[in-house]
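One chain follows as C-alpha coordinates, the form predicted alone.
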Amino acid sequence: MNVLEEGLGKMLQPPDVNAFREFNRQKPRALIDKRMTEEEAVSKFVHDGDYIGTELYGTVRCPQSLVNEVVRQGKKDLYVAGQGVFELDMLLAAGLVKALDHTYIGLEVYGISNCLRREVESGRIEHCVEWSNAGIAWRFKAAAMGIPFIPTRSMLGTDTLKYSAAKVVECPFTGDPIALLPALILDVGMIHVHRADKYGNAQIDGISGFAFELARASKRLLISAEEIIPTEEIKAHPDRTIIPYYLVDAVVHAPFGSHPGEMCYVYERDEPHIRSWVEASKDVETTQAYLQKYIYDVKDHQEYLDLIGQERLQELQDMVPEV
(Lines give C-alpha, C1' and ligand atoms only; values in the text may rest on other atoms or scores of the structure.)
Protein backbone atom coordinates (compact mmCIF):
# COMPACT_ATOMS: atom_id res chain seq x y z
CA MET A 1 0.00 0.00 0.00
CA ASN A 2 1.11 3.53 -0.71
CA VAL A 3 1.81 5.33 2.59
CA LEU A 4 0.56 8.93 2.39
CA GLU A 5 1.33 10.12 5.93
CA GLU A 6 2.95 8.89 9.14
CA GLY A 7 2.45 10.12 12.70
CA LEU A 8 5.43 11.54 14.60
CA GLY A 9 4.77 9.45 17.71
CA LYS A 10 6.96 6.55 18.83
CA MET A 11 5.58 3.03 18.51
CA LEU A 12 5.71 2.06 22.19
CA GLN A 13 4.47 -1.52 21.76
CA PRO A 14 5.15 -3.01 18.29
CA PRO A 15 2.19 -5.22 17.27
CA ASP A 16 3.75 -8.68 17.19
CA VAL A 17 0.44 -10.52 16.85
CA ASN A 18 2.05 -13.85 15.95
CA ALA A 19 4.01 -13.88 19.21
CA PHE A 20 0.82 -12.84 21.04
CA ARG A 21 -1.11 -15.73 19.51
CA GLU A 22 1.66 -18.13 20.50
CA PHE A 23 1.65 -16.74 24.06
CA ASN A 24 -2.11 -17.30 24.30
CA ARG A 25 -1.76 -20.91 23.19
CA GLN A 26 0.27 -21.57 26.34
CA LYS A 27 -2.41 -20.28 28.73
CA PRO A 28 -4.23 -23.06 30.60
CA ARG A 29 -7.80 -23.91 29.59
CA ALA A 30 -8.56 -25.93 32.72
CA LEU A 31 -11.03 -24.65 35.33
CA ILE A 32 -8.54 -23.39 37.92
CA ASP A 33 -9.45 -21.50 41.07
CA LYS A 34 -7.79 -18.13 40.40
CA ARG A 35 -8.90 -16.24 43.50
CA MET A 36 -6.19 -14.20 45.17
CA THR A 37 -5.64 -10.87 46.89
CA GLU A 38 -4.58 -7.67 45.15
CA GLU A 39 -1.15 -8.11 46.72
CA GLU A 40 -0.78 -11.63 45.33
CA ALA A 41 -2.11 -10.76 41.87
CA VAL A 42 0.09 -7.69 41.36
CA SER A 43 3.18 -9.37 42.81
CA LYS A 44 2.77 -12.38 40.51
CA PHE A 45 1.65 -10.79 37.27
CA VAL A 46 2.86 -7.15 37.13
CA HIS A 47 6.58 -6.50 36.60
CA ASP A 48 8.78 -3.43 36.29
CA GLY A 49 8.78 -2.19 32.69
CA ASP A 50 5.46 -3.83 31.77
CA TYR A 51 2.97 -2.26 29.40
CA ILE A 52 -0.29 -2.06 31.38
CA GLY A 53 -3.79 -0.84 30.64
CA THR A 54 -7.02 -0.24 32.56
CA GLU A 55 -10.66 -0.11 31.55
CA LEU A 56 -13.10 1.96 31.51
CA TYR A 57 -13.15 5.72 30.86
CA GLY A 58 -13.43 8.35 33.55
CA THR A 59 -14.12 7.12 37.06
CA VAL A 60 -16.66 4.54 35.85
CA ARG A 61 -15.80 1.00 36.96
CA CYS A 62 -12.09 1.78 37.23
CA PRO A 63 -9.92 -1.02 38.73
CA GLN A 64 -8.84 1.24 41.57
CA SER A 65 -7.98 -1.40 44.16
CA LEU A 66 -5.63 -3.10 41.70
CA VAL A 67 -3.94 0.16 40.67
CA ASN A 68 -3.55 1.17 44.32
CA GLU A 69 -1.69 -2.10 44.86
CA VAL A 70 0.57 -1.43 41.86
CA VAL A 71 1.44 1.90 43.50
CA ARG A 72 1.86 0.26 46.92
CA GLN A 73 4.35 -2.23 45.47
CA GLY A 74 6.17 0.48 43.51
CA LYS A 75 6.16 -1.21 40.10
CA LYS A 76 8.24 1.20 38.02
CA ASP A 77 9.11 2.17 34.43
CA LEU A 78 5.59 1.30 33.31
CA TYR A 79 4.23 1.84 29.84
CA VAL A 80 0.57 2.78 30.11
CA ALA A 81 -2.44 3.03 27.83
CA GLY A 82 -3.90 6.33 29.01
CA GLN A 83 -7.68 6.41 28.85
CA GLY A 84 -8.46 6.79 32.52
CA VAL A 85 -8.87 9.48 35.12
CA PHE A 86 -8.38 8.79 38.80
CA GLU A 87 -6.59 5.45 38.69
CA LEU A 88 -3.96 6.56 36.16
CA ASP A 89 -3.44 9.77 38.12
CA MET A 90 -2.26 7.60 41.03
CA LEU A 91 0.40 5.97 38.83
CA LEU A 92 1.55 9.38 37.65
CA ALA A 93 1.55 10.81 41.17
CA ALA A 94 3.80 7.98 42.31
CA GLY A 95 6.22 8.55 39.41
CA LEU A 96 5.83 5.02 38.04
CA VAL A 97 5.08 5.85 34.38
CA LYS A 98 7.81 5.89 31.75
CA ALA A 99 5.72 6.32 28.59
CA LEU A 100 2.09 6.84 27.60
CA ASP A 101 -0.11 5.97 24.67
CA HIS A 102 -2.36 8.82 25.62
CA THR A 103 -5.97 9.77 24.93
CA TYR A 104 -6.90 11.73 28.02
CA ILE A 105 -5.85 11.78 31.65
CA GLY A 106 -7.55 14.51 33.59
CA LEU A 107 -10.07 15.15 36.31
CA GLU A 108 -13.03 15.82 34.01
CA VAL A 109 -14.89 18.93 35.30
CA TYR A 110 -11.81 19.85 37.37
CA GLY A 111 -9.51 20.17 34.38
CA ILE A 112 -6.20 18.75 33.25
CA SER A 113 -4.32 16.38 35.54
CA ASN A 114 -1.73 18.24 37.61
CA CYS A 115 0.31 15.04 37.92
CA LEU A 116 0.33 14.44 34.17
CA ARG A 117 1.52 17.97 33.56
CA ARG A 118 4.35 17.63 36.10
CA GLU A 119 5.50 14.25 34.82
CA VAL A 120 5.51 15.32 31.15
CA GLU A 121 7.04 18.77 31.66
CA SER A 122 9.79 17.35 33.88
CA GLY A 123 10.72 14.79 31.24
CA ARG A 124 10.16 11.86 33.59
CA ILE A 125 7.65 10.59 31.04
CA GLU A 126 9.88 9.94 28.06
CA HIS A 127 7.17 9.57 25.41
CA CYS A 128 3.56 10.75 25.28
CA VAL A 129 1.95 9.44 22.08
CA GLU A 130 -1.50 10.77 21.19
CA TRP A 131 -4.61 8.82 20.14
CA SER A 132 -8.34 9.45 20.16
CA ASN A 133 -10.52 7.55 22.64
CA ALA A 134 -12.01 5.55 19.79
CA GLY A 135 -8.58 5.06 18.24
CA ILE A 136 -7.02 3.38 21.24
CA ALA A 137 -10.11 1.19 21.80
CA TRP A 138 -9.89 0.08 18.16
CA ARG A 139 -6.20 -0.71 18.68
CA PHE A 140 -7.30 -3.15 21.38
CA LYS A 141 -9.88 -4.50 18.94
CA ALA A 142 -7.17 -5.20 16.37
CA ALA A 143 -5.15 -7.10 18.98
CA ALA A 144 -8.26 -9.03 20.00
CA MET A 145 -8.80 -9.97 16.34
CA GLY A 146 -5.19 -11.12 15.98
CA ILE A 147 -4.42 -8.62 13.21
CA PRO A 148 -1.52 -6.12 13.18
CA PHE A 149 -3.64 -3.05 12.38
CA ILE A 150 -7.20 -1.90 11.82
CA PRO A 151 -8.32 0.58 9.12
CA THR A 152 -10.53 3.48 10.28
CA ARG A 153 -11.52 7.01 9.35
CA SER A 154 -10.94 8.06 12.96
CA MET A 155 -8.25 10.75 13.45
CA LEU A 156 -7.93 11.54 9.73
CA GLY A 157 -7.16 15.22 9.18
CA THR A 158 -6.31 15.92 12.84
CA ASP A 159 -3.25 16.85 14.86
CA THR A 160 -4.07 13.82 17.01
CA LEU A 161 -3.03 11.65 14.07
CA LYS A 162 0.03 13.83 13.51
CA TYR A 163 1.34 13.07 17.01
CA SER A 164 0.31 9.41 17.00
CA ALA A 165 2.12 6.39 15.58
CA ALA A 166 -0.61 5.73 13.01
CA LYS A 167 -0.16 5.69 9.26
CA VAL A 168 -2.39 6.97 6.47
CA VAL A 169 -2.40 4.86 3.32
CA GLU A 170 -4.11 4.85 -0.03
CA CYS A 171 -6.93 2.32 0.22
CA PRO A 172 -6.22 -0.46 -2.31
CA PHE A 173 -9.95 -0.79 -3.05
CA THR A 174 -11.11 2.84 -3.34
CA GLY A 175 -7.94 4.92 -3.64
CA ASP A 176 -9.12 7.10 -0.74
CA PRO A 177 -6.96 7.88 2.33
CA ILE A 178 -7.54 5.56 5.27
CA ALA A 179 -5.89 5.54 8.71
CA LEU A 180 -4.21 2.36 9.91
CA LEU A 181 -4.11 2.02 13.70
CA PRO A 182 -1.58 -0.54 15.01
CA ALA A 183 -2.77 -3.32 17.30
CA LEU A 184 -2.06 -2.65 20.99
CA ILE A 185 -1.09 -5.74 22.99
CA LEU A 186 -0.87 -5.29 26.76
CA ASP A 187 1.47 -7.17 29.06
CA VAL A 188 -1.15 -6.72 31.78
CA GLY A 189 -4.78 -5.64 31.56
CA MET A 190 -6.85 -4.72 34.64
CA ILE A 191 -10.65 -4.67 34.62
CA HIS A 192 -13.17 -4.19 37.45
CA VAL A 193 -16.46 -6.05 37.01
CA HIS A 194 -19.72 -6.49 38.86
CA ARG A 195 -19.34 -10.22 39.42
CA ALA A 196 -17.13 -13.15 38.58
CA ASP A 197 -16.77 -16.77 39.55
CA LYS A 198 -13.60 -18.25 41.00
CA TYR A 199 -12.40 -19.32 37.55
CA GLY A 200 -12.62 -15.83 36.02
CA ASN A 201 -15.90 -15.84 34.12
CA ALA A 202 -16.85 -12.18 34.50
CA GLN A 203 -20.04 -10.21 34.03
CA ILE A 204 -20.70 -6.47 33.75
CA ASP A 205 -23.94 -4.55 34.23
CA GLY A 206 -24.59 -1.30 32.41
CA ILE A 207 -22.01 0.13 30.03
CA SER A 208 -19.51 -2.54 29.00
CA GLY A 209 -16.99 -0.05 27.62
CA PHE A 210 -14.12 -1.81 25.88
CA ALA A 211 -13.80 -4.67 28.39
CA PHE A 212 -14.42 -7.24 25.64
CA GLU A 213 -11.54 -5.90 23.55
CA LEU A 214 -9.05 -5.17 26.35
CA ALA A 215 -9.55 -8.61 27.89
CA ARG A 216 -8.65 -10.20 24.57
CA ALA A 217 -5.72 -7.83 23.98
CA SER A 218 -3.92 -8.69 27.26
CA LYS A 219 -1.23 -11.31 27.80
CA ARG A 220 -2.06 -11.37 31.50
CA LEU A 221 -5.45 -10.28 32.78
CA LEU A 222 -6.35 -9.28 36.34
CA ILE A 223 -10.04 -9.12 37.22
CA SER A 224 -11.36 -7.45 40.36
CA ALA A 225 -15.01 -8.01 41.17
CA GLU A 226 -17.62 -6.56 43.49
CA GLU A 227 -18.89 -10.10 44.06
CA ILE A 228 -17.55 -13.62 43.66
CA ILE A 229 -20.52 -15.86 42.86
CA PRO A 230 -21.01 -19.57 42.14
CA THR A 231 -20.41 -20.73 38.58
CA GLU A 232 -24.01 -21.99 38.45
CA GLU A 233 -25.21 -18.38 38.72
CA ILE A 234 -22.86 -17.37 35.90
CA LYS A 235 -24.23 -20.18 33.74
CA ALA A 236 -27.80 -19.03 34.41
CA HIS A 237 -27.13 -15.82 32.44
CA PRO A 238 -24.41 -16.70 29.89
CA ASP A 239 -25.26 -13.69 27.73
CA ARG A 240 -23.85 -11.39 30.44
CA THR A 241 -20.43 -13.08 30.51
CA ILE A 242 -18.27 -10.63 28.58
CA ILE A 243 -14.97 -12.12 29.78
CA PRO A 244 -14.53 -15.92 29.73
CA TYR A 245 -12.39 -17.71 32.32
CA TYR A 246 -9.60 -18.80 29.97
CA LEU A 247 -8.51 -15.18 29.39
CA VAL A 248 -8.13 -14.47 33.11
CA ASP A 249 -5.05 -14.97 35.30
CA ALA A 250 -6.29 -13.63 38.64
CA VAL A 251 -9.66 -13.00 40.27
CA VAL A 252 -9.73 -10.55 43.18
CA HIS A 253 -12.74 -9.99 45.42
CA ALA A 254 -12.89 -6.20 45.76
CA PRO A 255 -16.13 -4.68 47.11
CA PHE A 256 -16.06 -0.96 46.34
CA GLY A 257 -13.07 -1.78 44.14
CA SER A 258 -13.71 1.30 42.01
CA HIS A 259 -13.88 3.85 44.88
CA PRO A 260 -13.74 6.83 44.65
CA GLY A 261 -15.13 6.02 41.22
CA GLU A 262 -18.63 4.71 40.64
CA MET A 263 -20.11 1.30 39.89
CA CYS A 264 -23.26 1.19 37.80
CA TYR A 265 -26.32 0.21 39.91
CA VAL A 266 -24.13 -0.37 43.00
CA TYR A 267 -22.67 2.94 44.23
CA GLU A 268 -22.08 6.50 43.07
CA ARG A 269 -18.72 8.20 42.77
CA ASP A 270 -17.36 9.94 45.84
CA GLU A 271 -17.29 13.52 44.63
CA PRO A 272 -15.93 15.14 47.82
CA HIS A 273 -13.08 12.62 47.90
CA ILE A 274 -12.21 13.34 44.27
CA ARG A 275 -12.28 17.09 44.96
CA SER A 276 -9.90 16.57 47.85
CA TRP A 277 -7.51 14.74 45.50
CA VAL A 278 -7.71 17.55 42.95
CA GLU A 279 -6.62 20.02 45.62
CA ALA A 280 -3.90 17.71 46.95
CA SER A 281 -2.49 17.05 43.48
CA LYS A 282 -1.70 20.72 42.90
CA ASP A 283 1.43 20.47 45.02
CA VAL A 284 4.11 17.78 45.18
CA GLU A 285 4.15 17.59 48.97
CA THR A 286 0.37 17.33 49.37
CA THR A 287 0.28 14.81 46.52
CA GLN A 288 2.70 12.60 48.40
CA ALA A 289 0.76 13.11 51.63
CA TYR A 290 -2.38 11.80 49.90
CA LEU A 291 -0.53 8.74 48.60
CA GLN A 292 0.92 8.13 52.06
CA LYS A 293 -2.47 8.27 53.76
CA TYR A 294 -4.60 6.32 51.29
CA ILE A 295 -2.12 3.86 49.74
CA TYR A 296 1.26 3.46 51.44
CA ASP A 297 0.01 3.52 55.04
CA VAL A 298 -2.79 1.00 54.47
CA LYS A 299 -1.97 -2.67 54.16
CA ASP A 300 -4.62 -3.64 51.64
CA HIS A 301 -7.96 -2.75 50.10
CA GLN A 302 -9.91 -3.64 53.24
CA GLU A 303 -7.85 -1.23 55.32
CA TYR A 304 -8.48 1.41 52.64
CA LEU A 305 -12.24 0.82 52.96
CA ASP A 306 -11.97 1.02 56.75
CA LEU A 307 -10.24 4.38 56.33
CA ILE A 308 -13.04 5.68 54.09
CA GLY A 309 -15.57 4.41 56.61
CA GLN A 310 -18.61 2.16 56.35
CA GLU A 311 -20.97 5.08 56.89
CA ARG A 312 -19.63 6.94 53.84
CA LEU A 313 -19.67 3.79 51.70
CA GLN A 314 -23.29 3.19 52.66
CA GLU A 315 -24.14 6.77 51.68
CA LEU A 316 -22.66 6.18 48.24
CA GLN A 317 -24.79 3.05 47.84
CA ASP A 318 -27.90 4.91 48.98
CA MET A 319 -27.33 7.56 46.29
CA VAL A 320 -27.96 5.04 43.50
CA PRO A 321 -31.47 5.55 42.09
CA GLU A 322 -33.76 2.53 42.15
CA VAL A 323 -34.19 0.85 38.76
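Everything numeric here is computed off the predicted structure, so don't read it as measured data. So that there is no doubt, residue numbering starts at 1 and follows the sequence shown.
Absent from the display: the form predicted in complex with another copy of the chain. The rest refers to it.
Engineer: Can you tell me if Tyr79 lies within 4.5 angstroms of another copy of the chain in the predicted bound form, counting non-hydrogen atoms only?
Structural biologist: Answer no; every heavy atom of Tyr79 is more than 4.5 Å from another copy of the chain in the predicted bound form.
Engineer: At 4.5 Å between heavy atoms, is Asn18 in contact with another copy of the chain in the predicted bound form?
Structural biologist: Within the cut-off, so yes.
Engineer: Consider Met11 of the chain shown here, and say whether it contacts another copy of the chain in the predicted bound form, taking contact as heavy atoms within 4.5 Å.
Structural biologist: Result yes; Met11 sits at the interface with another copy of the chain in the predicted bound form.
Engineer: Is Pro151 part of the interface with another copy of the chain in the predicted bound form - any heavy atom within 4.5 Å?
Structural biologist: Flag for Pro151 set to yes.
Engineer: Considering another copy of the chain in the predicted bound form, find the one stretch among 151-159, 222-230, 87-95, 68-76 with heavy atoms no farther than 4.5 Å from it.
Structural biologist: Contact criterion met by 151-159 only.
Engineer: Counting only heavy atoms, which residues in 125-143 are within 4.5 Å of another copy of the chain in the predicted bound form?
Structural biologist: Those in contact are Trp138, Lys141.
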